[in-house]
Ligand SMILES: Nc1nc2c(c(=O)[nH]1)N[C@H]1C(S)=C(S)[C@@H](COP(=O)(O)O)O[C@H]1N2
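The form predicted on its own is given below as one chain in structure tokens.
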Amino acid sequence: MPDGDHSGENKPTADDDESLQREFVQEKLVESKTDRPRMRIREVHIRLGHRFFSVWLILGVILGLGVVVVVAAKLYVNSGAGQGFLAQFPCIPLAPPVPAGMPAFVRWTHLLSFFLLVVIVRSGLQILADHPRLYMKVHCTPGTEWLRFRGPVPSDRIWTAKEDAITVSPLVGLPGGRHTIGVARHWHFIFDILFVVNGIVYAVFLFSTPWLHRLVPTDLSIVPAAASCAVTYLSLHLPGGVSGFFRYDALQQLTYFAVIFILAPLAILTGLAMSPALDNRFRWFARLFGNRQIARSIHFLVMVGFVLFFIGHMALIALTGFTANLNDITLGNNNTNLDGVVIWLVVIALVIAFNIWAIRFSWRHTRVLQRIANVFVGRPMDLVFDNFAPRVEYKRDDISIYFWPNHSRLPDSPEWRALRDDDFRSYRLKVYGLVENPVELSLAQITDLAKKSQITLHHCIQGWSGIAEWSGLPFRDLIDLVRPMREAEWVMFYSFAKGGKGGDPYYDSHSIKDLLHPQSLLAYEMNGERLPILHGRPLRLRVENQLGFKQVKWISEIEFVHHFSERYAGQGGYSEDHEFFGYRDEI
């Protein structure tokens, strides 16, 4: 275990980085070749009532209903009532005159959105695969999912959230494999930021040009006009007298408006609603969507919405004048030559090439990707979230009946087994480093100090959540006891458990600023009882503005340091060093 000054022996080196990266790649490739469940459409099940049904059955029912709707639409448009409705509400919205064709800002941001969304969707599916279950309640109790991508949780043994993850083909996910959520999140968040910037540029130009009237409805008559369009499309006919080069039909206008002004902002807001820093500071924010898990479900459905929109959008382009539409989208003209087709083929080829490169880059230069993300994602997160001290608490009735266990390995060293067998009476917490008063505290001494209880919401990086009551020593009191030196800015926490297959203990770091928050605890009780061994006895950390992997369990030692880069590979913790997580993930 760490002892004394490690600033020299644990300095990260280029060789250390390459070794850790090779270990990561080898381990993930081995996991991908095992018989772990893979993300396959036939494994998807939806819960209706108390039973789960295969998505194939649901899709079959939807297809059958679709046939019924098409037949009904055909009968309706050929009836007197249908003819009267179509004549009264033509499929053309009322709108001021708008210049024909797509302006340059629309064409460029449109192409860039396609590129960005491909990466966002692929990395999002990889993130989903680490906890392939979606819930309507914040408690994430197995069997209460409304959608799952693998079978039920085994009830005959302890089943961790990490075991529950599934493997994703690199044809589907970015980067593919299993337990590559750290890498996937880097791609996802970098491209989320680019998507937001692209959207802001689009909105600035849109609201300063007459093209705004192409998208924003100005009259309620668009609602029956859109219904007229829908009936026409469902009867397998195309509305007449409408050209996308000059104007959209009513249904197109409403759909494009919804995608740009509803789906895109909803994707951003529901993503933010999964942040422990926001949820545990502003409870009202997650309540905008019901709770964190509903926000996660909506986030997934928005992704599905984008994919379905793209499929429908491309189908409509093909059916209403393929070459002319592609020329409009790419060049802003209404010609029927193949220029636009060639440009789109080149764009698609470039997107495919980039994604192939991104997979290779993810495996070969993972540390470089992590460092880029730490600059362009981690630092902005610090600026946005650092001032949000967590303060939200829940009632006892809110406590989850099931709290997912999650760890790579339980402690198994002779030292820990001896402490466990002695009921931790001989346990001593070592606190040292850049402090004026290093101490070794027994559990009895820790419990004799100040005690605080709090009922808070736990956010796992994999996506699950749960509410529990934690009681223990406020970390602020430990700071007062050991009196950190002026140069101490970060605190390292070391566990009795190993981080993985190697010999290093699990470890992670927190800034002293976060540890001074009132909800930062060294917890020794959970839900009014002694902390279960499965959840970290004798001590575990609670820092409620951070994700679960930062909440170190089975704490053996605490070291005050100037910066986390002085220890091990220098990225902030075991998961950061070995699985390339962000050094602080407030979302």
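The first residue of the shown sequence is 1; numbering continues from there. Here the structure is a predicted model, which means the values were calculated and not measured.
The discussion below concerns the form predicted together with this ligand, not included here.
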Inset, instruction - Tell me whether F403, H535 and F549, taken together, all sit within 4.5 Å of this ligand in the predicted complex, counting heavy atoms only. - result: yes
Inset, instruction - Name the residue from Y427, F475, W187, W464 that puts a heavy atom within 4.5 Å of this ligand in the predicted complex. - result: W464
Inset, instruction - Could you tell me which one of Y506, F149, F191, W490 places a heavy atom within 4.5 Å of this ligand in the predicted complex? - result: Y506
Legend entry - Listed range touching this ligand, judged in the predicted complex by heavy atoms within 4.5 Å, from 202-210, 491-499, 283-291, 117-125: 491-499
Legend entry - Heavy atom of R133 within 4.5 Å of this ligand in the predicted complex: no
Legend entry - Partner contact for H45 in the predicted complex: this ligand, 4.5 angstroms, heavy atom: no
Legend entry - Close approach of R367 to this ligand in the predicted complex, 4.5 Å, heavy atom: no
Legend entry - 4.5 angstroms heavy atom contact with this ligand in the predicted complex for W554: yes
Inset, instruction - Residue by residue through 152-167, tell me which have a non-hydrogen atom within 4.5 angstroms of this ligand in the predicted complex. - result: K162
